[in-house]
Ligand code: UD1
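This document opens with one chain alone, in structure tokens, the form predicted on its own.
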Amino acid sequence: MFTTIILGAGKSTRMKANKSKLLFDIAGKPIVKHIIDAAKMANSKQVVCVVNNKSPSLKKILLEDDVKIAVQQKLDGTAGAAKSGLDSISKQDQNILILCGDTPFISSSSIRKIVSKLKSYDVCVGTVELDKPKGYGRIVRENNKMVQIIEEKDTSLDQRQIKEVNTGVIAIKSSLLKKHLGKIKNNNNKKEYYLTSIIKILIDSGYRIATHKFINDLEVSGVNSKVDLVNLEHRYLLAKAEKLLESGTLVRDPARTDIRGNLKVKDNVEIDINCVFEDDVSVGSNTRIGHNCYFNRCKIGNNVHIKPNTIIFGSTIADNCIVGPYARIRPGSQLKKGAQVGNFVEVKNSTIGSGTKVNHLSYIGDATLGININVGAGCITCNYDGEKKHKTIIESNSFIGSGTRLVAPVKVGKGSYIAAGSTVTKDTPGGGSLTIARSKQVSIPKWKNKKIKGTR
């Protein structure tokens, strides 16, 4: 069992924004949300986030995620932040994991490995080797054993050549943290109380210190500016797309494919350029996805063709469907096997039955369509009366002529034919009947001349 303390009380001045950097979205969700999810996935018993007094938006998102909030009243360094987090924990006879609030891509597997070292050691420090270690505290070793962490501003010229650096990740027994935090001094260039100073204190006191060296520096790379944010996100998304490509999915350009959530892909899938995947998305076998498509919380079946510029959000697309181009499938929608939704068609909270086609310039909202229906171009389900939504039902084997308006609540009986341009306000009988609901066409001769005379 362990508790995670996320240090997030910094002012985020280098972000040049009016909010905490922990709230900036990266790879589909806020920075702090990535860290919280990793800690919880690693079975952290409790997650505490240390914030400052000027973070109302951050506090809100933390409460929504069941994270305990600790406020660092005086921003005097990371040791003070750790103390604020520690003081907010009711039981202090447990292991503590301390994470920086600006490192979104730490993995749950690395967290588990670090915390597990507390079975044999009193403290575990996360480290990583960087070709360009500028800006990081250096790990000083003697006889291959870590003896100290020195902040860069306090390093000598020789110490600056060290490539192994501190990541800010520390696993420690809470009793030790509580006992020795007060011994940290601020005799450094910035006059701050560095949490890293506790390591030398513990070493000098004879405690057992372990290190965990991260193989991938992406896990512990921090966001201090918007430049960092963009560059780090690019690295992360490129790595995910390349991994998908290596696993057998044809990703036409990994640099132009953004997998911001959890994407599960089966065999023989092709993904064209500029596609974005957010939250949980699954794609079945032999499916082709055209360029410029967006997917969020959706399930795509086998042998599906998603044409370019299509948006699918919160919906399920069954096998053998064709969707797009320029289609928008909104939450609560289901396309059954072999359905077709074509160009500039919007579907919202509706079921499109097997073999049914809605191919051109239509809006289908709060509707249930049966099997083998043809919906002509420009058809609209008028589902909203200004106060509430109503249901449209079109039963199987019906034909809806172009330009039809179905004013809900309404039911089109099985096997109905609706004449083009109709405004249907009553249920139709079906059974091969034709419904015509449009005004009589009238032509007024010489109307233009009469209009001109009337305006003089």
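Heads up: residue numbers just count along the shown sequence, starting at 1. Treat the numbers as computed from the prediction; the structure is a model and nothing was measured.
Heads up, the form predicted in complex with the named molecule isn't pictured, but that's what we're talking about next.
- Query: Taking heavy atoms only, is G77 within 4.5 angstroms of the named molecule in the predicted bound form?
  - Reply: Answer yes; at least one heavy atom of G77 falls within 4.5 Å of the named molecule in the predicted bound form.
- Distance check, G85 to the named molecule in the predicted bound form, heavy atom within 4.5 Å: It does not: once the named molecule is placed as it appears in the predicted bound form, G85 has no heavy atom within 4.5 Å of it.
- Look up in the predicted bound form whether N216 has a non-hydrogen atom within 4.5 angstroms of the named molecule, and give yes or no. No, N216 is distant from the partner.
- Taking 4.5 angstroms as the cut-off for heavy atoms, does V358 touch the named molecule in the predicted bound form? No, V358 stays farther than 4.5 Å from the named molecule in the predicted bound form.
- Looking at C100, I300, I96, V251, which has any heavy atom no more than 4.5 Å from the named molecule in the predicted bound form? It is C100 that has a heavy atom within 4.5 Å of the partner.
- the named molecule isn't shown here, but in the predicted bound form, which of 358 to 366, 336 to 344, 164 to 172, 282 to 290 has heavy atoms within 4.5 Å of it? One stretch meets the cut-off, namely 164 to 172.
- Query: Would the named molecule be touched by all three of R14, Q72 and T196 in the predicted bound form, meaning a heavy atom each within 4.5 Å?
  - Reply: Judged in the predicted bound form, R14, Q72 and T196 all sit within 4.5 Å of the named molecule.
- Item | Within 7 to 27, the residues that have a heavy atom no more than 4.5 Å from the named molecule in the predicted bound form | Those in contact are L7, G8, A9, G10, R14, K21, L22.
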